[in-house]
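To begin, one chain is listed below as structure tokens, in the form predicted on its own.
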């Protein structure tokens, strides 16, 4: 039998099956709960239990400690209801954003092409619409396995039937090395579910924005930039894309064409190791060179954890408040024995 699980602050209720994670139940019922990885590794979906019985599921002790469990906390992405419940997220729920319900979709591979060193563009044409917010991600089921992997949409939210993803090859990775770079072909069928994630452009903003991407962290930035320019959501945008060498950069012509059409958009690729005609150095150093102060601005950061952390520190040095810095770290968990995390 299913149970009623109420979100105390909003007074909204979801129906949760005994084997269904609470987060999944809420998102499918169109009730937003804060979350990021959905796999128990980030802790952003922690909730306090006001009443009811539940099972912690596979919540790792590294994310939800024994002390937190004793205090009545759970991970929404792992816990299962065993009775009717009342819960409250420890992170404030923003009820002024229209989020789209989580749903299962399927489609076929329409485009599969190499775009950079060990990086491929995957475009899937869906059988039905999947609505999402710019910057969010979907989970893709690896064909022939029970594994799911998470990738950010690179297309704008206006394209609900044709989703674009950028995938970086990981040696031995079940999704990239063993499937996408070996067995996948145009026309193959693929299962997905989405949208998911806290990262993205969820509302119009009055302040200029700096977008900093490392590697395939460019994917959600591409979605954000296209959406913001089409809808006039950000007054001025600077996009920085960092790579080790020229072979790591991609979609440069696309962004240069956008910059030609939109005077309020600026594209700044940077290379940390190769010498070329463009900017050289760490992408965070390029940002520091360009801005003496970032007061009155906001930032979106996406890429490897080290780059995201360095960018956050750099922007703080330029007087950008941490609350105006929105982050998404891409970590690799491609191997079957590793916990799933966002993979670029």
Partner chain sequence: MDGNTQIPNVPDWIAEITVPELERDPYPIYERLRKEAPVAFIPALGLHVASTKEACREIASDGDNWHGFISPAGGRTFGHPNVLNVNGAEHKELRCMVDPALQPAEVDRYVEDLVRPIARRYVEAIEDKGAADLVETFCEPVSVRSLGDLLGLQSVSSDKLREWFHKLSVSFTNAAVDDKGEWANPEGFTPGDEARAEIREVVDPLLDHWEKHPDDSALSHWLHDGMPEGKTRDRERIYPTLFVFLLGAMQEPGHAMASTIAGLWTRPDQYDRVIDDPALIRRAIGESLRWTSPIWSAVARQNQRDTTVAGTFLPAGSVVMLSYGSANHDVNDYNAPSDFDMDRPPVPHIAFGAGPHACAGTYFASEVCRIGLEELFEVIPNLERDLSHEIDFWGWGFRGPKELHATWEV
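Residue numbers count along the first chain shown, from 1. Just so it is clear, the model here is predicted, and its values are computed rather than measured.
There is another form of this protein, the form predicted together with the partner chain, and it is not shown here; the text below is about that form.
- Using a 4.5 angstroms heavy atom cutoff to the partner chain in the predicted complex, all of 67, 295 and 319 count as contacting.
- Look at 49-57, 275-283, 22-30, 308-316: in the predicted complex, residues with non-hydrogen atoms within 4.5 angstroms of the partner chain sit in 308-316.
- Although the partner is absent here, residue 327 lies within 4.5 Å of the partner chain in the predicted complex, judged by heavy atoms.
- Taking the partner from the other structure, the partner chain in the predicted complex has a heavy atom within 4.5 Å of a heavy atom of residue 71.
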